[in-house]
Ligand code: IPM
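The chain below stands alone, shown as structure tokens; this is the form predicted alone.
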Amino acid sequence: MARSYDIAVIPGDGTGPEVIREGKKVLSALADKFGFKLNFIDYDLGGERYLRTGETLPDSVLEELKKVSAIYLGAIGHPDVKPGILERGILLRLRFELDQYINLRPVKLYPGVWTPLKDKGPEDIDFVVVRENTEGLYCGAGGFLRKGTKDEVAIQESINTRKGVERCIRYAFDYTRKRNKKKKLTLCGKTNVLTYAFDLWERVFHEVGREYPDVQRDYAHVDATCMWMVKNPEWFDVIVTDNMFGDIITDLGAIIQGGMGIAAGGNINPEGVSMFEPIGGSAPKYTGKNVINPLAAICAGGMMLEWLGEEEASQCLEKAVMKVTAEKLKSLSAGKMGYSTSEVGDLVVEYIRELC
């Protein structure tokens, strides 16, 4: 019996539907080639629905999403919707309600892709960031005192639980071992200033680390991590960090791997439903022009296949993308690739058939 997966598809806003269209095209080609079935279930979530109905993520839809194999997301963000409404109402709610406590971000430079780092190539830029995804400063804990007056006070609290920290760190050690490259895990923190939160992180890091004698433990302050990502990215294998620091360093990672057009990520619940997406936003100015780069969405689809256990298909997808970046594209920037959005998707499908 053929392996079958129910995939919830949220194309979202702006250019999201365009890049997801190409991702589905590539995933369907892989399913045909490797003998499994993907049942795509489309969901109308995003700015247009919110403007039309006032809804972000209805409870009934959330219950349906809890039952699928994985979620494939395009982009969330609409120019006519106040910033924060869609992000909190859809993205953050999905992460928290589905307990997607890991944000997984590969930072890998593909052949033919330009990086702003002088004298660095694909052999130097190949690491992964494991970011805690449901705690820290993004919990929304805090409030205002005397709001709107000259004596106003704003408080934003970072919540770090032993359970949340340990499960993130344990996932990072397991991932480092499975990745089996340098087998080095770096804790990125700020132990000299954030002496409570990162005292907990550091203690748990070393306690759990003793169970993984084959994995080298390393530590770097977040500011030093940023410097070394630019100067010596080859030092890193896997980095584990909290929610806010992870949010910051993964954007730096996206730039050194060539930009948002190639950066993909996963919001992971190792025991439940995970969600995969391109890192870039909805890019509304390019909507409908068929010029946006779909490779980040396509690579997110590859991460989803790996998560589903279709590792051979995922590896085939990456080989095809690397062939496209090395031999075809002039640039990763929208309108400058030398190909349209749909043509890039066609190229990946063509190389899948040729290489695998």
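Computed from a predicted model, the values in this text were never measured in an experiment. The numbering used is simple: start at 1 and walk along the sequence shown.
There is another form of this protein, the form predicted in complex with the named molecule, and it is not shown here; the text below is about that form.
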{"query": "Within 4.5 Å of the named molecule in the predicted bound form, all of E87, L92 and Y138 (non-hydrogen atom)", "finding": "yes"}
{"query": "E202, E234, D247, E166 - the one with a heavy atom within 4.5 Å of the named molecule in the predicted bound form", "finding": "D247"}
{"query": "Heavy atom contact within 4.5 Å of the named molecule in the predicted bound form, the stretch among 119-127, 202-210, 156-164, 92-100", "finding": "92-100"}
{"query": "The named molecule in the predicted bound form - contacting residues of 96-134, heavy atom within 4.5 Å", "finding": "R105, R131"}
